[in-house]
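Before any questions on binding or motion, here is one chain by itself as structure tokens, the form predicted alone.
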Amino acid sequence: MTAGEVLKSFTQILRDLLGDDSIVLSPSTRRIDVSGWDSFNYVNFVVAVEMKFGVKFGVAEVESFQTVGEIVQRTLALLQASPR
């Protein structure tokens, strides 16, 4: 799986959560850049990502992510580390 594919999935997850098909995420997107992406929806987003990709982020990681790109990179790292 590529970073672009993960980013595309993240975009769809957030569109579904916020009910806004105009959302387009990039690696540099921050939560503050997206209308309605508050802390509650951030938690819902993280849970949806974990469920879709079968990964689990640590609490400290979730609190430290600043950009969508950081979440994409961590997701890819977890996917690579998981047994197949």
Partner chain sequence: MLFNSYQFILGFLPVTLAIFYIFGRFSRTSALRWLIFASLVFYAWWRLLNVAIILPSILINFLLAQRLQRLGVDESNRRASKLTLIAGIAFNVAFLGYFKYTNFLAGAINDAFGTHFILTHIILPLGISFITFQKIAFLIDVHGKRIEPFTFGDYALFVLFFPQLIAGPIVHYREVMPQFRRASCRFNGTDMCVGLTMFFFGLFKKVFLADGIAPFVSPIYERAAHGDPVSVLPALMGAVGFTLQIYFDFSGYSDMAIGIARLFGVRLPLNFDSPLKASSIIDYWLRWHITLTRFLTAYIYNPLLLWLTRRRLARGRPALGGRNVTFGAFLNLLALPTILTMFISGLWHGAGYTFIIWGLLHGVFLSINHGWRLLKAKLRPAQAKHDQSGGIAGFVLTFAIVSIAMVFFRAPTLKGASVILAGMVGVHGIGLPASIFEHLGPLANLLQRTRVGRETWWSAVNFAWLTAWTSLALGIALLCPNSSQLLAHYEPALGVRPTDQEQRGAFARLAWSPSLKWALAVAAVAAAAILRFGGPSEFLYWQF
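Remember, predicted model here, so these are calculated numbers, not experimental data. Residue numbers count along the first chain shown, from 1.
The following text describes the form predicted in complex with the partner chain, which does not appear among the structures shown.
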item: Distance check, L78 to the partner chain in the model of the complex, heavy atom within 4.5 Å; value: yes
item: Proximity of V62 to the partner chain in the model of the complex, heavy atoms at 4.5 Å; value: yes
item: Contact label in the model of the complex: L18 to the partner chain, heavy atom within 4.5 Å; value: yes
item: 4.5 Å heavy atom contact, N41 to the partner chain in the model of the complex; value: yes
